[in-house]
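In structure tokens, one chain follows: the form predicted on its own.
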Amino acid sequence: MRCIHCSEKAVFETPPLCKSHFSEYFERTVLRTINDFKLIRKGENLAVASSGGKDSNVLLFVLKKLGFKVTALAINEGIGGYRSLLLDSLRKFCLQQEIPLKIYDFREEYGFGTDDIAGHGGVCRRCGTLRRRLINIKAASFDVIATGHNLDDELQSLMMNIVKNNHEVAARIGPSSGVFNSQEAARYGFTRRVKPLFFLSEKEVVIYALLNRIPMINASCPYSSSSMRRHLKIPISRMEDESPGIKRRIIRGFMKISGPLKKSYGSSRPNRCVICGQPSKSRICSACRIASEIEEKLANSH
């Protein structure tokens, strides 16, 4: 199969594109998403939430290539044999690409790691809540923080929240996260979060990484097997195989009706947590409640 733009061998099938034209398509899609949705402006102080995985590595690489000044911001949740492997790879990658890297540790910030709470239920939910709070705190000095969520990630999130009947969380889905505009987000204590890979599939991210020799560590979080996201991945991929393009059609269809959802849930002003000062729907935020519960359980177990 040959590239539709030249006579070179195609590395991608839908549409057939060679190495050079696929990379151009990928980078053009990222830039169009940034410009169409006003995600990032030249000169803004930009952080990329980096795990050391393929998505955030690709995002770091592309944003730097497009001329944005980026800093990698990583969280060590304390998952033995997994996070350390990814962070070692991330350090090498950032050094090679001359990208500043900042790493923050659960144990230094909270006094415990994810492995310490593994026997206390709800690991993914607790870890995710604590990680998001820490990222928001450490990203406060940046204008915007970009995450490596791709089309598959967003569709899985949409399906999860439909199944759970959680419209408030579903309302946050989009190239720009959350239900507040940029001025409101800053006023309420949020660092604006954006997703430049929003319209690119996981398959496209993998191909771009391979073509540009971006490191991809084949490692899965040992706690992810219990997550609903993982169980949704296979049927969603099967749907795409049987009806190519359906993932993009579902997401674009949702975006056409997401405006009223964002307006509805963005009308209420968040409070400030009385403990940490971060935005919260209640007097004490979820992260502080979780941290307090874990500290108590760990103290009682000794």
Partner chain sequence: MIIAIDGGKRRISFSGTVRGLLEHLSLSPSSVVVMREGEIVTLDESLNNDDEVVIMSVLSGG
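Residue numbers count along the first chain shown, from 1. Not measured: the values here are computed from a predicted model.
From this point on, the text means the form predicted in complex with its partner chain, which you will not see here.
K.L.:
Please identify the residue among M228, L211, M159, I137 with any heavy atom within 4.5 Å of its partner chain in the predicted complex.
P.N.:
Spelling it out, the residue with a heavy atom inside the cut-off is L211.
K.L.:
Answer with one of L73, L200, I207, L86: the residue that has a non-hydrogen atom within 4.5 Å of its partner chain in the predicted complex.
P.N.:
Of the candidates L73, L200, I207, L86, I207 is the one lying within 4.5 Å of its partner chain in the predicted complex.
K.L.:
May I ask you to state whether V11 is within 4.5 Å of its partner chain in the predicted complex, using heavy atom distances?
P.N.:
Yes - in the predicted complex, heavy atoms of V11 and its partner chain come within 4.5 Å of each other.
K.L.:
Heavy atom to heavy atom, is M1 within 4.5 Å of its partner chain in the predicted complex?
P.N.:
Looking in the predicted complex, residue contacts with its partner chain include M1, since a heavy atom lies within 4.5 Å.
K.L.:
Report yes if any heavy atom of S258 sits within 4.5 Å of a heavy atom of its partner chain in the predicted complex; otherwise report no.
P.N.:
Close contact is absent here: in the predicted complex, S258 is far from its partner chain, nothing within 4.5 Å, heavy atoms only.
K.L.:
Please determine whether S224 contacts its partner chain in the predicted complex, using a 4.5 Å cut-off between heavy atoms.
P.N.:
S224 belongs to the contact set for its partner chain.
K.L.:
Each of K54, M216 and K233 near its partner chain in the predicted complex, meaning some heavy atom within 4.5 Å?
P.N.:
Verified in the predicted complex; spot residues all in contact, yes.
K.L.:
Mind telling me which stretch in 272 to 280, 240 to 248, 56 to 64, 29 to 37 gets its heavy atoms within 4.5 Å of its partner chain in the predicted complex?
P.N.:
Single hit among the candidates: 240 to 248.
K.L.:
Scan 77 to 94 and write down, in order along the chain, each residue with a heavy atom lying within 4.5 Å of its partner chain in the predicted complex.
P.N.:
The stretch 77 to 94, when checked against its partner chain in the predicted complex, contributes no residue at the 4.5 Å heavy-atom cut-off.
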